[in-house]
Ligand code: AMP
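Listed next as structure tokens is one chain, alone, in the form predicted on its own.
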Amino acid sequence: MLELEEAQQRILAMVKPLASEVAPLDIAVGRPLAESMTASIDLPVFDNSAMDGYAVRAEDVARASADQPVSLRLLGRVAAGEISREEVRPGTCVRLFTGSPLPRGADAVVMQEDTRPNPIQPDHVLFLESLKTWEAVRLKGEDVRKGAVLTGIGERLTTGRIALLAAAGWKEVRVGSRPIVGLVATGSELQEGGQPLGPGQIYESNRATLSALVFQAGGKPKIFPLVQDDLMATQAFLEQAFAECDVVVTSGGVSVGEFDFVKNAFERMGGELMFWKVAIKPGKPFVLGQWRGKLLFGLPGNPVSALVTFLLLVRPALLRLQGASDLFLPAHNGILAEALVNRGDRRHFMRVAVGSGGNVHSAGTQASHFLSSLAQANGLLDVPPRTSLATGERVSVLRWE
């Protein structure tokens, strides 16, 4: 039985990123970049005003105050998108708006609220406050210099990175291709939602859960029909899924029961089983297989076990397929609001809920079939074997939502 970290390393060592593709920037959020992006221009592109006001020479208003305002002759106005033909010389100013290019000769902008019209000279403006050189001026290149690296290979396109790339003039980006992930659920007791339940049947929920997680990880889920507990039927669906998908994820049928056919069916179609069983709870019966360069992830049938093994073992592989550099769940520090105990001999990834204040609560009953507690959870807490965590203890929670 493998330790979690060894299982993760062995999986990732087998993953080769898919070919990259070009995508429009405005719909590429969340996808990892396949190439580094550089700035072809300075940001800002030119010196410009940070607010509505007047371009001045700072020394002209160095002694200005409300009691002793300084009067400067108004040369004209420059709207955003226009260029001033005027040069600000001693004793003059130019009306600007937010984003207006700074006229030649000016080295500061006085905001409109610190001025008033000169009632005696209509072509003059009274300045009521002093200011420093370059105050309220956005200087050319102060944010980004031309040629600077904006984003690196493998970095995820967040909203902020998209904003930066768009401001630098990029319209398209090269990103990792989204893997098609086949989702196969096995079990004669399973029934599709919306259909009446027969004796001994339950509604199948794993494919919908895993589909959401695949989508969050950047993949394209492809849901296959339910598979009865039959060796030939299991093999047929696996062959179809591998023919149509980059990765296949099954749920159920990977334990040692008389009706667990996934491993046998996979080997019958020529697949190679790489390992089985990982030392975690829930989710010990986890299968990794390889068929013609494509991976099989065999997850347990219990809903919580399927979710935990996907998050810890499948999600990193899907991100690596896309060329991502950050593969594992983000951690969130918090304070335990109640004691938690793991009396077992395996690491227990308990479902917890992290509140807005950082308090960490158990999401409820930790049995692997309890969906009500799963619905309340937004993270996993890794509790070592035979360990008690006290109320008030500082912990690190793995967040998936």
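One rule holds for the numbers: they count along the sequence shown, beginning at 1. A quick note: this is a predicted structure, and the numbers were derived from the prediction, not measured.
One more form of this protein exists, namely the form predicted together with the ligand; it is left out here, but the text below deals with it.
Just one of S130, S205, S71, S177 comes within 4.5 Å of the ligand in the model of the complex, counting any heavy atom, and that one is S205.
This chain appears without its partner; in the model of the complex, the one residue of S255, Q228, Q290, Q240 with a heavy atom within 4.5 Å of the ligand is S255. Within this chain, A185 lines the site of the ligand in the model of the complex, having a heavy atom no more than 4.5 Å away.
Taking the partner from elsewhere, V278 is found to have every heavy atom lying beyond 4.5 Å of the ligand in the model of the complex. Within 4.5 Å of any heavy atom of the ligand in the model of the complex lies no heavy atom of E86. The ligand in the model of the complex comes within 4.5 Å of no heavy atom belonging to T92.
For the ligand in the model of the complex, the listed stretch (167-175, 307-315, 93-101, 246-254) containing residues with heavy atoms inside 4.5 Å is 246-254. Contacts with the ligand in the model of the complex, taken as any heavy atom within 4.5 Å, map to no residue of 90-114.
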